[in-house]
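We begin with a single chain expressed as structure tokens, specifically the form predicted alone.
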Amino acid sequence: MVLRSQTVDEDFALNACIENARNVSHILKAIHFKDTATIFATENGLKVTVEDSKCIQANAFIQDQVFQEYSIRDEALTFQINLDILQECLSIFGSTNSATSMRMMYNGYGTPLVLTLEEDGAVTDCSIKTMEPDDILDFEFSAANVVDKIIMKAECLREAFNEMDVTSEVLQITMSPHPPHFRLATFGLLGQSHHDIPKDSDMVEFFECNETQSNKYRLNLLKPSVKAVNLASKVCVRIDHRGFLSLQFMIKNENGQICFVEYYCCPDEEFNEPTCTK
């Protein structure tokens, strides 16, 4: 059931309605590692961004097609919100078998984000304070500068992450045209350990690597991406000429619709001695 409200006819800057609020909360779980998020609304849908230490950034894309109704008055809207509170509101009826319908309304700078949620006739209104957004870091990650790329089933990367030595400060990612093709290595108290994924594995759908590149990333910065790995069906790993890392996750919601989450992470200069060979 699409929720109806007396406020629907008001001229809100953003007005969106969805029959199952879990389809929003599910995708937000993949980037929920800090308590604040920046929401960008355009005619194409919502982009929710979370950053930490200006070294890692996560973006969740919720396309307008995911909503049963979606309208925006301005070309673009941007505001910051407490992600903890937003997620609590979206799951206010608990984890039941019934779907919770939701209407989301926002009327521009300085106004709250208003949620009206309905389940089995019970209606709850939530008003969440919005804040002026901070500047978002531009990682300047361009597809034209990608040196290495691999697309694999998420369970393959999930297994590799589960085997990581948590005592290691860094994760080294090596991609090469030659075996082992894709290697994840950690350097913990018990020494070095690694997980290899050959390009001809049944788990790998696409592999492109023109030159060997090896970079190290702080493991504590990448740990939040495990949430996205656990929800995803496919993962695309890309590394550009600077060693900057992009992890793209394809995540299906309960209706079978596909949404995307992307993590950007910069290489660690303290540990990094980047290699790049043909």
Partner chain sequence: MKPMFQVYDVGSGIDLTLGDDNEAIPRCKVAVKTLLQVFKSLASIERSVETCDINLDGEQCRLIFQLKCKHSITKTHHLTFQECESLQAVFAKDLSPNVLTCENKLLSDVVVNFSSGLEEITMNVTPCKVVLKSYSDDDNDEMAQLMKTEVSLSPDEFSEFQIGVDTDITFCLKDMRAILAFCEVAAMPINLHFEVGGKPIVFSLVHEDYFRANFVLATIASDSNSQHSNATANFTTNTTNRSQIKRSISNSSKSKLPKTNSKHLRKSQAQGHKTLPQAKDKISADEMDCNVSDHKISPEIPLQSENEVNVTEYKGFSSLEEPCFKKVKSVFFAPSQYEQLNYTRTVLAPDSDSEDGT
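What you are looking at is a predicted structure, and each value in this text was computed from that prediction instead of being measured. Residue numbers count along the first chain shown, from 1.
In what follows, reference is made to the form predicted together with its partner chain, a form of this protein that is not presented.
Colleague: If you check 75, 138, 202, 132 against its partner chain in the model of the complex, which one has a heavy atom within 4.5 Å?
Modeller: Exactly one listed residue reaches within 4.5 Å, namely 202.
Colleague: Would you kindly say which of 120, 169, 84, 163 lies with a heavy atom within 4.5 Å of its partner chain in the model of the complex?
Modeller: Contact with its partner chain in the model of the complex is made by 163 alone.
Colleague: Heavy atoms within 4.5 Å of its partner chain in the model of the complex: which stretch in 142-150, 186-194, 67-75, 100-108 meets that?
Modeller: Selected range: 186-194.
Colleague: So in the model of the complex, is its partner chain close enough to residue 159 to count as touching (4.5 Å, heavy atoms)?
Modeller: Because a heavy atom of residue 159 falls inside 4.5 Å of its partner chain in the model of the complex, the answer is yes.
Colleague: Using heavy atoms and a 4.5 Å limit, would one call residue 198 a contact residue for its partner chain in the model of the complex?
Modeller: Contact with its partner chain, yes.
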